[in-house]
Structures are given as C-alpha cells and as structure tokens.
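Before any questions on how it binds or moves, here is one chain, the form predicted on its own, in structure tokens.
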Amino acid sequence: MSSPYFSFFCPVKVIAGFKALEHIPYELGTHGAKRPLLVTDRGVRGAGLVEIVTAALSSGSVTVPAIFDDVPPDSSTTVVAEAARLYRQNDCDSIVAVGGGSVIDTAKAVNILVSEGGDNLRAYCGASVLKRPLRPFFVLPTTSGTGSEVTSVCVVKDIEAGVKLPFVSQYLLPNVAVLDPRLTLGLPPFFTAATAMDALTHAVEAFTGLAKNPISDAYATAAIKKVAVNIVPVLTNPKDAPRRLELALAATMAGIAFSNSMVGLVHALGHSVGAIAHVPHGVCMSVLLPYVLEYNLDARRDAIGELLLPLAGSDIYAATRSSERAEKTLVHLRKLRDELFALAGLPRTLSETGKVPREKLPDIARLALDDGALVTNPVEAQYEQALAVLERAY
C-alpha cells in the first residue's frame, strides 16, 4: 500500500444461488416496491431470460407493468430518456435491470431521472453530484464479468455532444444484486470467456494497484481463484450450473474489489482500444493483461508473485521459489489464455482481434493518457510507454 489509510464500502445486498430469483418479490416488498420497470435488451429477451424473471416475480404476486428492451450495446442519453418516460407512463416505483454492463448502466441512469425528475441527465454528470437515495433498484446480471451490480459508476453516451458522460455516486449502487445461474447458462463460449477475463482483470488490477487494501485483496484473490478453477470446465460443459454460479460470484467479488481499490493501465489502454477499434471490453482486458503486468513487474513483483497461489493452486505455488513466482504467474496466465483461445476463440493479441489496425496504435496510446485509471497504476505511463505496451500486445 502507498498509504496506511484506506476506506472500503459495499452496501449492496447480494442474493446468490439456485432459485435466487424467487426471492425478489420479498426484497421488493422490503423496499415498499410493487411495480418495477424491467430494463433489458433484445438479445436477453430473445434468449428467454425475461420470461424466467417475470415468472419468478409472478410467483410472488409481483406484476411487471412495463418492459423496456431497447437498450443497445452502447447506450445513450436518448435511450435513458425513453426508458424514463416508460417508467413514468406506467406509474412504476422501482427498477429491475436484467442484462450485462450496458443494460445496468442504462438502468442506473434511468434511476437518476425518475428519482430526481426531468430529462436533463447531464445535470447529474460527474462525481458525487447526487445527494440523496434513488428509487429501489435491483440488478440481475446475465454475464459474469463487469461487476456493475456492485459498482457506483455508470457511463452513458451523449450523442449530441459526441462524448461519454460518467456518473459516480454511492447512490447509484443497487439495493440488491441477484446472482442466479439460470441467467448465464445460455451465454455463448466466446462471451463466457471474455467476461470471465474481464472479472479476472478487475481482480488482478485491484490486487496490484496503488490503492490496494487488505479487504479488497481478500475479495480479489478469491475472485481470481474462482475464475481460474471454473472457466475451463464451464467452456467444456456450458450447462454446468454450479460452476456458472461460481463465475457469477467471481465477477461480483472482483467488482467489490476494484470498486474500492480501482484499476490501472490495462483498463486505461482497454478503454481506448474499445473506443477507437470497437473491440469488446472483455477481449481488450484478456489481450492486454499479461503485457501490463510485465510493464509493472519491477514495481509490483511481490504482489504479482502472490497471484500465483489463486491462479495456479497451492502445489505449484509451494514448489516455486519466491523469487520466481512473479514470472510463473505470467506463464500460467498465458497458459490460461491459450486454453481460452482453443476452446472459445478468445484473441490473445491485438492483431488476433482482426479489428485493430497497427497504424491506430499511436492514437490509442494518446487517448489512454486521459484515462483516470492511470492514477492508480503502480508505474507511471507516458505516451512512449503506453505505445510500447500496445506494440508488444500486437
């Protein structure tokens, strides 16, 4: 740690396990809510997951008066305003988000508008602008990666201004996160692998960054172990519900970890790759993680070496000299990525994505310098260093 002081905060109630969905009516009732707007996307609805959720709600005598399923992969203020209008038109009193990162971010932003009033979402942009609790808000993740169900952040595109608006507030945290393996059983292998590596990266950067603390470390290492133990078996047997639940728990635990100790250069570069080359976020994380760990190696050798235990297991950890554990961690991380490439086609380099022209690397490096995630990376990175990492990852 860079300082003997730290803070840790996670007030989200997590309900996890088989039949977890059936507990939602009771939880809604404890918050005085009876008429939730269900926010989702067409892919989730087309996969039949909305029907599973509404059936669980109906079993507890909760009726969903409206469903907004028009959330795109990259949501916007226009989408948020449309969903807020549907909420008001149907006299809803709460929000249930069923989906991945974009759906959850959209639902968080909708909750700002329906709680604060009006349609000017920009007025609440930034950190700590919100000053009071919002309407009851439940999140049901359908992927196991973002950790958005336990984070106090959302990002929504302002189409008119051509920028992404960040919102940061403790009041954006859901009241309840529900992890039920029925919602991730149908996730295709590629997205299963990509979202798992997103969760793994959250945990690794939380454990190796400047703002790490003992409590976030515990969540991070537990999340890493869950991903390492379960991702390959899930890809081999996609209908393995117990292991799907373990991956969902890993994503949530990694989300709690990085919410309290932040991320670093992997995310700074990954955000820029996604913005310029439109590579999915989880793919960016998987590609860039080992190269950034190499960049941070001298400054974080001990911490990276300790990751060998949750990543490779106690036998390999014990058989490896302490001075060699950091390099062995990188070996096992690359081995895992090779397995994910073989089983799910998850790219290991920027060139393997087929979306990143080499001539765009300077632009990506420059854009990354404005990313706030750089603040907690253990090694300072300027343009030359960022470009060098991208070149190695190519």
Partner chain sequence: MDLPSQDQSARNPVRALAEKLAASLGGPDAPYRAQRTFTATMMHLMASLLQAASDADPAVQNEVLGFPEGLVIGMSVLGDTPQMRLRKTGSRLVRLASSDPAKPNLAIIFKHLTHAFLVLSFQESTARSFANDRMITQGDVALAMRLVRCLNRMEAVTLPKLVAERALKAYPDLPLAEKLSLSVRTYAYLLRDVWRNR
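Just so it is clear, the model here is predicted, and its values are computed rather than measured. Residue numbers count along the first chain shown, from 1.
Not on display, but discussed next: the form predicted together with the partner chain.
Undergrad: With the partner left out here, check for me: in the model of the complex, does some heavy atom of V375 sit within 4.5 Å of the partner chain?
TA: Yes, V375 sits close enough to the partner chain in the model of the complex that at least one of its heavy atoms falls within 4.5 Å.
Undergrad: Classify A55 as contacting or not contacting the partner chain in the model of the complex by the rule of any non-hydrogen atom within 4.5 angstroms, answering yes or no.
TA: No, A55 is distant from the partner.
Undergrad: Would you check, heavy atoms only and a 4.5 Å threshold, whether V379 touches the partner chain in the model of the complex?
TA: Judged by the heavy-atom cut-off of 4.5 Å, V379 is in contact with the partner chain in the model of the complex.
Undergrad: Can L369 be called a contact residue for the partner chain in the model of the complex at 4.5 Å between heavy atoms?
TA: Yes.
Undergrad: Which one, V153, A211, A81, L130, lies within 4.5 Å of the partner chain in the model of the complex by heavy atoms?
TA: After the contact test, the surviving option is A211.
Undergrad: Could you tell me which of 69-77, 141-149, 203-211, 218-226 sits within 4.5 Å of the partner chain in the model of the complex, going by non-hydrogen atoms?
TA: The contacting stretch is 203-211.
Undergrad: Kindly indicate whether P4, S7 and R300 are, all three, within 4.5 angstroms of the partner chain in the model of the complex, using heavy atoms.
TA: Yes, the whole candidate spot contacts the partner chain.
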